[in-house]
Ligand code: MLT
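Single chain ahead, written as structure tokens, the form predicted alone.
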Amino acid sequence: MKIDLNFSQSHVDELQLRDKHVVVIDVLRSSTTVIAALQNGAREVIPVASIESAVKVSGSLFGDVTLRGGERNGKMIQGFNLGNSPLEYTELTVRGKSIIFCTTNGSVAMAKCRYARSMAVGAFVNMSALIEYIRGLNADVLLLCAGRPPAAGAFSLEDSVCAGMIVHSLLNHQGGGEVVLTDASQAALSLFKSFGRSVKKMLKNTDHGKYLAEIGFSKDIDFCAEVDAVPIVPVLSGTVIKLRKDGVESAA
């Protein structure tokens, strides 16, 4: 198994992801929010790359079973039902609903995977379930960090440390199979070893973590730091993200 990694979705396009097994990582907060939504009974999450796409998709769905969720600059988009806080996606709010999801980086990365062989959503909160899923693929995997906007430097420490935890876990739990690392995945492993001892402390000290705390989302950071809190793996099925069923890698 070869583990490759991209530190930002802004550096790849959908054709580069064609036929690959991809894990999208956006710890603060898109990946964590998608995981929370499906854990709490959402029917599906539909990732889109722009607000315009969100409006277009919502126009073709039934309004009473569809919610629009997402953010710009960390805050809920005007006219949407939900922002990008995993704590907003409660069972009472999302059970049985389709969620059109539009965020600055995370949903863009997820939408780019429409031609991938498979796509799973990863974060600290579903780490063990994700490792089991990746091991079950028995194939090369690309870890795709959502990162930050190019204007903010593209690189995200929290996504890279999470990717490093994935690499570390695969190396320790592969069950005898060989894991081959690229330069990028080795770099992520080193970042995990340097910053992964206290996930919550690391998140709070990142650029985006500090910004989220400034605009009132400190509790989101606490939730996003809970390793193994949610034992599920969201996977892409066509153009929508659904809860992975036991024994099913992905449904194309």
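Bear in mind that the values here come from a model prediction, so they are computed numbers and not experimental data. Superpose the two forms; the largest set of C-alphas matching within 1.5 Å is the rigid core. For every residue, the number given is its place in the sequence shown, counted from 1.
This protein has a second form, the form predicted in complex with the named molecule, left out of what is shown; the following refers to that one.
Proximity to the named molecule in the predicted complex, defined as a heavy atom within 4.5 Å, holds among Asn105, Ser160, Asn126, Ser118 only for Asn105. The listed set Leu212, Leu203, Leu38, Ile46 contains one residue whose heavy atoms approach the named molecule in the predicted complex to within 4.5 Å, identified as Leu212. Here the chain stands by itself, but in the predicted complex one stretch of 178-186, 132-140, 96-104, 160-168, 96-104, has heavy atoms within 4.5 Å of the named molecule. Of the heavy atoms in Pro149, some are within 4.5 Å of the named molecule in the predicted complex. In the predicted complex, Leu28 approaches the named molecule with a heavy atom inside 4.5 Å.
Remark: with the core as the superposition reference, the CA shift of Leu87 between the shown form and the other one stays below 2 Å. When the rigid core is held fixed, the Cα atom of Ala139 travels less than 2 angstroms between the shown form and the other one.
The distance between the CA atoms of Gly153 and Ser30 is at least 3 Å shorter in the predicted complex than in the form shown here.
Compared with the form shown here, the C-alpha atoms of Val12 and Pro150 sit at least 3 Å farther apart in the predicted complex.
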